[in-house]
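For this one, two forms of the same chain are given in structure tokens, first as structure 1 and then as structure 2.
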Structure 1
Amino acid sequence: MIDSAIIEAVGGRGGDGAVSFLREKFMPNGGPDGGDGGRGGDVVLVADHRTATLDRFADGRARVATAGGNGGPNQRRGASGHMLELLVPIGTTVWAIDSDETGTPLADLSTDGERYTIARGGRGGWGNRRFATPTRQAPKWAQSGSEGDHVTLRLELKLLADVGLVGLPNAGKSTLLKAWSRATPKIASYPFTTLEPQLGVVALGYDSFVAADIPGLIEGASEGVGLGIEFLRHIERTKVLVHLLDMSREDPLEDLELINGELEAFGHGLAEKPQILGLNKVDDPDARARVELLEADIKRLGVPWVAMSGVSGEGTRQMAEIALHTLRQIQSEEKYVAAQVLPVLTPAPARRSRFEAVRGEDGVVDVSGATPSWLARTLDLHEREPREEFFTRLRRMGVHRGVARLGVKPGERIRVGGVEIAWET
């Protein structure tokens, strides 16, 4: 099962505006009527209960939404590009890949149908009718569509389960899950039989919960040894941990300490989750005798425990009932805490500046901002009229005052949205 993937997504390019003039009977020299280009399509992640893995993203192919249509005559607007929906499993988290590769969490798609836009389509360019003025009645140029967002993200899948089964390889987790539910995990007597997390619904007649069999952990798992952190993250969302101990082993309490140490080393609150001990394999006489021998030590741990056998079924229902009771208790406490939290009133965020002008290390003044960058990238600044329109709009925004404070003189090169141009007043 692929539960982590790097995805490259590209929003659709905006359509170009049209250059057109009205040509009708009795109006051979009508005014400009070029329509605007359509907006490019967005790329959207959608959590889908029918999708189980991230396999479809293993090919490394970029996901690109369709471009917007170009504008047409008679003020016809180009069609918007189609949205590209990418189905991901419920429980997928979205991370922005930072330069240090630590990543920043962006979204947690934990409910069916939840959506998150990862790449927005580009804006459509304006047709020439948009640029008509009393002194410029017949503009013979239009605006290009802008490029869509181009992003690289990491997707991670964390199973949505209420109860996680942890323990060393061959502790009996798969056997217990099979006894609890209709899940059919692979079972054998050698390490790492379970290579993928398995889910099962545990129905008790009056209530139910979802349990996850997490592949066997070993010493150093938190550092990637064995199946390591590839599966530790799958128990981050669980509320309760059922820790199975193989009582046929020489020192099961040492095994308990080892796994708890790995949970603590991994962090993310795993060590703080409520645990229930399953003293497994008591169908073996030696294992049952070891339970009796260690009973006093086990009681001193202060956690619920059940002597059980996944093979014979002894104690498995009792274990499920304790797990369900603990789960519902935690959920009830969480709802109570949530109800007690008072709303925090915060002032409205200050309006963001429409642009920013700073002198770069190379001495060239950089003007940044959504609108200035959009205009610089979509107007043909080599032509006189589009260039005049560009500087007129910058002056309306107050950019001329910002660059003047930095000592920019007419004719000096500046950068707007990465495009270099000589400053004009």
Structure 2
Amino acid sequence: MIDSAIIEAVGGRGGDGAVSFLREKFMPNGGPDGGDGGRGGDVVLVADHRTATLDRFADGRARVATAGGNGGPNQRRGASGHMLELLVPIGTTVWAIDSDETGTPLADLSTDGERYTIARGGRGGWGNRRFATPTRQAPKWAQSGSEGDHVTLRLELKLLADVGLVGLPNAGKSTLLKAWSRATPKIASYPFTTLEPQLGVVALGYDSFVAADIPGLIEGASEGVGLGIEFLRHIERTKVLVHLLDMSREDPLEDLELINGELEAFGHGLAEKPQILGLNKVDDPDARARVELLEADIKRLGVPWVAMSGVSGEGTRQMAEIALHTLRQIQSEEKYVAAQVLPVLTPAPARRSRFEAVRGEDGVVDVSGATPSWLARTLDLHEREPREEFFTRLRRMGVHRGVARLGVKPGERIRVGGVEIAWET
């Protein structure tokens, strides 16, 4: 069962730099004091153990982080845009969408709290103060903020079961799973065979978990049928078992022992997982009577239990709530332990991108690279001073040498980051 979603994300725009001059009494023409614009917010995916599905991205809405504030007078810096954190289930993979539809994997969020930035916010523009030089003491211009990244990605999640349903054949596992996930029609569209766990997303308010009806476990294992690796992944991932007992049968406690014996024999840690007993089929008067008869014995087991009926719905919500609560408790304990043992890994700083200059098919020289493109888009190249600033910075980066090597003459039109400009040396 694979869940997937297309997500469009836009980093916040950077704030514009300010044009401002110091104003003091008796000093009508003070120096430039325009502050820088703030950075736009990033859009970040965060793996979260409380999130079970990618359903929340089904709306197709673009996720946009907030813009940075504009700079102000008195060297005031614009506020940074807020980061937008999007919670995704653990196990979510992120894919670039290529033209050939195969896609490229970008990230695999496999541990709780792991983060991946999908769209970076734009840089804030510099205020006019930064552009002052001994020969240009009062620049009346500043840099504008740059746009944030705009990306469309695919998220994929292989749903794995958190809660397993066990019990004898006919105990009511399939019926309960259907009752639980009735509101999630998705389940119906997934084909299954007896040896593949049937999955259902059980939603409770804003929280949810994935439950698996694992009918093949006992039946298949005892018949020596090999269980696939996928099946084992579900079993191992399962943190809580809901053990259903058909209370209309003669001796449900014997059934309980039988299944527990099989869980033990099966291995893979199944027998050690906490169980919640579902005393099922209490819509049947005989079953109800047997619950009352065995209540004292059941209490003595020291295991949480719920009298319920997958058919009438009695107790099913309570069962889901207990399962969810138990699950979250175990996960938060695991998280605590994991946080103590995991080393903190600091990602290597991103390589500073330089530039590339090539003569295109149309004969026009193209300069690409993050910094030249950014400068071309945020400085007003129609104005002389910002344009001079632009070429000065390119020269410092070595762009002029690269462009000269291609035989570009002053005045020739070239493209920098998609912006056309007459080359100046």
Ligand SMILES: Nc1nc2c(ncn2[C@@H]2O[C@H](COP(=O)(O)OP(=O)(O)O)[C@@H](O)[C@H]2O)c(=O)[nH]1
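Quick caveat: nothing in here was measured; it's all calculated off a predicted structure. Under this definition, the rigid core comprises the largest set of C-alpha atoms superposing within 1.5 Å between the forms. Structure 1's sequence is the ruler for residue numbers, which start at 1.
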Check against labels, form predicted in complex with the named molecule ends up as structure 2
When the two forms are laid on each other by their rigid core, does residue 120 show a Cα shift of 2 Å or more between structures 1 and 2? no
Please determine whether the C-alpha atom of residue 288 is displaced by 2 Å or more between structures 1 and 2 following superposition on the rigid core. yes
Spell out whether the Cα of residue 330 moves at least 2 Å between structures 1 and 2 when the two forms are superposed on their rigid core. yes
Distance the CA of residue 174 travels between structures 1 and 2 [rigid core superposed, Å]: 5.7
Could you check how much the CA of residue 311 shifts between structures 1 and 2 after a rigid core fit, in angstrom? 17.1
